[in-house]
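We begin with a single chain expressed as structure tokens, specifically the form predicted alone.
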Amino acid sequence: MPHLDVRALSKTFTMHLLGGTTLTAFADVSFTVPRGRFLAIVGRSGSGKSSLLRCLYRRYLPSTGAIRYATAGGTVDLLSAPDREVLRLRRSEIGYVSQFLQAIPRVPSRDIVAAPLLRAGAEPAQARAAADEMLERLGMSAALRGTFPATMSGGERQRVNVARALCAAPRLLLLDEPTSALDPETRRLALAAILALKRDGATAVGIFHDREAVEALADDVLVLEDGAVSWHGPVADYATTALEA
């Protein structure tokens, strides 16, 4: 049984302010991800990659298909599961890194990273210590850990974003271009932290434009082109020239 089994997934948007015009983000996408494997999703901008990942996280509700996820307690369909169940899984098993940090203003970075652990029942001191450790692994100075992300650069905010998802050690990790705003050294640290989580047994699906990241992390690659799967196979067989900047 795969950890994640996606079948005939599609997402169509209806533009009500444009007379009901429909826009297909992607259609008939199917793939499986075994436990502990990393699937990289690549393709040109506008090919439907981020919409697909948001459907896996249920930030978008897919139009058709199935997303069967093997939770710690049994298999659920993330497309049809009640909102309460999806929220529970986000708190306990599924981590998500967006392209940009979304956080409550005036909350220190350390507390943003510790929040998933606190929701899971960790003691505040333990959660903050784990947050400090993860931020340190991503190269963030002690002085910055107690400041607000609004005062930080884009790359520093993205470190907080990545740290928040990794700190809780999710069973399923969804990554939407997590390293795009990072400098080369911080990118290296982030990739190492993601790889360590994978080695501990996490399953991951990630969007990357960076060939180095795909080669470092992925076991398999899925290429989206105009909302459809144009190639899917092992990373060793993937034609690296197909990676789009």
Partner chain sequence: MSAMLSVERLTRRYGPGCDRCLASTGPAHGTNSCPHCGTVVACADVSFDVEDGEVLGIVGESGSGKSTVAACLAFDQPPTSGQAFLEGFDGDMLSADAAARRRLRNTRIGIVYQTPQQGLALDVTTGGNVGERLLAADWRHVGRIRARASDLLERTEIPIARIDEEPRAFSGGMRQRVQLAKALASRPSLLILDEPTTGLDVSVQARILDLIQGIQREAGVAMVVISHDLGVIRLLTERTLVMKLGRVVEEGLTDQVLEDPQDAYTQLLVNSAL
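Computed from a predicted structure; not experimentally measured. Residue numbers count along the first chain shown, from 1.
Omitted from view is the form predicted in complex with the partner chain, to which the following refers.
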{"property": "Touches the partner chain in the model of the complex: residue 90 (any heavy atom, 4.5 Å)", "result": "yes"}
{"property": "4.5 Å heavy atom contact, residue 44 and the partner chain in the model of the complex", "result": "no"}
{"property": "Any non-hydrogen atom of residue 105 within 4.5 angstroms of the partner chain in the model of the complex", "result": "yes"}
{"property": "Touches the partner chain in the model of the complex: residue 31 (any heavy atom, 4.5 Å)", "result": "no"}
{"property": "The partner chain in the model of the complex: contacting segment from 137 to 145, 67 to 75, 158 to 166, 80 to 88, heavy atom within 4.5 Å", "result": "80 to 88"}
{"property": "Site check 180, 208 and 211: each within 4.5 Å of the partner chain in the model of the complex by heavy atom", "result": "no"}
{"property": "Members of 11 to 49 lying within 4.5 angstroms of the partner chain, judged by heavy atom, in the model of the complex", "result": "11, 13, 14, 15, 16, 17"}
